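As a starting point, one isolated chain is supplied in structure tokens, in the form predicted alone.
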């Protein structure tokens, strides 16, 4: 099993699974409302600023400070 890494280190086109969201209760709750929870599979569409993610059928756009608090696991994730 590979170690968890910050979402900001994930290359475009890579699918990963969220392992941990670090932040205040309000920040974690806001991420959960957007569909970002522990165990959720996401795909990095564009890294940098802004960062664009695919979560299910939705695309989400984040500022860099938002994604620094999301740790992901790069072990094999769906096709």
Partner chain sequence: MSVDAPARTLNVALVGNPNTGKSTLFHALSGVRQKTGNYPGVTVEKKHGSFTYQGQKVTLIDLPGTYSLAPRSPDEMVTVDVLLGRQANEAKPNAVLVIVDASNLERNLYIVSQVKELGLPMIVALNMVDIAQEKGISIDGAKLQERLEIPVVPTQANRRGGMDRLRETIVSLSGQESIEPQSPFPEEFREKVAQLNAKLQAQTPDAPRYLAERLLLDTSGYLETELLHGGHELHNWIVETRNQLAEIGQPVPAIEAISRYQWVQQSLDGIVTRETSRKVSWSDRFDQILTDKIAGTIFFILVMSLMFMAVFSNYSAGIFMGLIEDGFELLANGVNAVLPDGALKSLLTDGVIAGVGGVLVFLPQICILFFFIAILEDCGYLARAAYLMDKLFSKVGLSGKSFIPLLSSFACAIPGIMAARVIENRRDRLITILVAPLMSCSARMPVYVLLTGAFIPDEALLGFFPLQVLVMLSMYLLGILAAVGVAFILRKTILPGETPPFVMELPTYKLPSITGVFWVVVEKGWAFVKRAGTLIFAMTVIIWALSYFPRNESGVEAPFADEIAQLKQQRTGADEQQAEQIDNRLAEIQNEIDGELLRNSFLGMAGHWIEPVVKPLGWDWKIGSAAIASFPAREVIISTMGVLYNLGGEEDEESESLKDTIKNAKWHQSEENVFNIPVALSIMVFFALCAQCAATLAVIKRETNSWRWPIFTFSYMTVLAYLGALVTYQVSAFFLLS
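Residue numbers count along the first chain shown, from 1. Just so it is clear, the structure is predicted and the values come from calculations on it, not from any experiment.
Omitted here: the form predicted in complex with the partner chain. The next part is about that form.
Novice: With the partner left out here, check for me: in the predicted bound form, does some heavy atom of residue 22 sit within 4.5 Å of the partner chain?
Specialist: Result no; residue 22 lies far from the partner chain in the predicted bound form.
Novice: Are any of the heavy atoms in residue 61 no more than 4.5 Å from a heavy atom of the partner chain in the predicted bound form?
Specialist: Flag for residue 61 set to yes.
Novice: So, residue 44 and the partner chain: in the predicted bound form, are they within 4.5 Å at any heavy atom pair?
Specialist: No, residue 44 sits far enough from the partner chain in the predicted bound form that none of its heavy atoms falls within 4.5 Å.
Novice: Does any residue in 19-44 get within 4.5 Å of the partner chain in the predicted bound form, counting heavy atoms only, and if so which ones?
Specialist: In sequence order, 25, 26, 27, 29, 30, 31, 32, 33, 34, 35, 37 come within 4.5 Å of the partner.
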